[in-house]
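Quick setup: one chain, the form predicted alone, written in C-alpha cells, and binding and motion questions come after.
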C-alpha cells in the first residue's frame, strides 16, 4: 500500500480545463458567483455548479451565502500559491494560451495574485526588500528583519493590527510570468492594501491587473529600487 498524501486527486481536480479556468478566475481574490464563474470557464451554469461542487468537496474552494446569492473563493493562500506555481511551470514548459489579449503586458507588469502584488513589480519589490536587508530568506521560511519592521511601520502598516490569520507573516510565492519569487503572506497583502489606500495603485475592474498612477509608480521605484546585483549574488 502506498503511503503519504494522494496528489492524484488534487491534480485531477485542477487538471480539468473548465475547473482550471474557474480556479484561475478566483486568483483575483474576489468572491464570485457560479454564474460569473460559468462565464469565465466557458460552460453552462449547470456545468459550473457541478465543477464547483467537486472543487468544494476537494477542499480547494469555499462557498458562502450572502442574501440570496452564493459566492465562491479559494480556500486559502496555500491554494493560490500552488496555482501560481503551476502557472510558472506551465509557462516554463511552453504551455501558453494560444491567443494573447490586450492586457497581457499589463498583467505581466503588475497584477494581483489572490491578495498580494505579483508580476514584474511584485518581483522587483521582493528583490529590493531582500537586497536592502528587510527580508531574510532561509531554507524553510522568509523572515522580516528588524530593519524590515521599521520599514513597514514607516510605510504606515501596523503589524500588530493585522487580522488574525493562519497565513504566515511573510511567504515567498513563485511568480508565473517572471519565474521568480514575489512576496505573499499577511505582509504581502498589507503592502498591496497600503498602495491602494495611498492611491498609488488600483485594481482594474473585472481583471487581475493592478495599475499604478505615475506618482504611485515613482514612489514605488523610490522605495523599491531594482538591486544592482541579482538575488543569487546577494
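Every value quoted in this text rests on a predicted model; they were computed, and no experiment measured them. Residue numbers count along the first chain shown, from 1. The term rigid core refers to the most C-alpha atoms you can superpose between the two forms while keeping them within 1.5 Å.
Form predicted together with the DNA: not shown, discussed below.
With the DNA omitted here, the record of contacts in the model of the complex names 32-40 of 191-199, 32-40, 205-213, 168-176, defined by a heavy atom within 4.5 Å.
Contact check for residue 219: no non-hydrogen atom falls within 4.5 Å of the DNA in the model of the complex. When contacts are judged by a 4.5 Å heavy atom cut-off, residue 223 does not count as touching the DNA in the model of the complex. Though the partner is left out of this view, residue 62 does not reach within 4.5 Å of the DNA in the model of the complex, counting heavy atoms only.
Within 4.5 Å of any heavy atom of the DNA in the model of the complex lies no heavy atom of residue 180. Although the DNA is not shown here, in the model of the complex the stretch 9-25 places heavy atoms of 16, 18, 19 within 4.5 Å of it, in sequence order. For residue 151, a C-alpha deviation below 2 angstroms is recorded between this form and the one not shown after rigid-core alignment.
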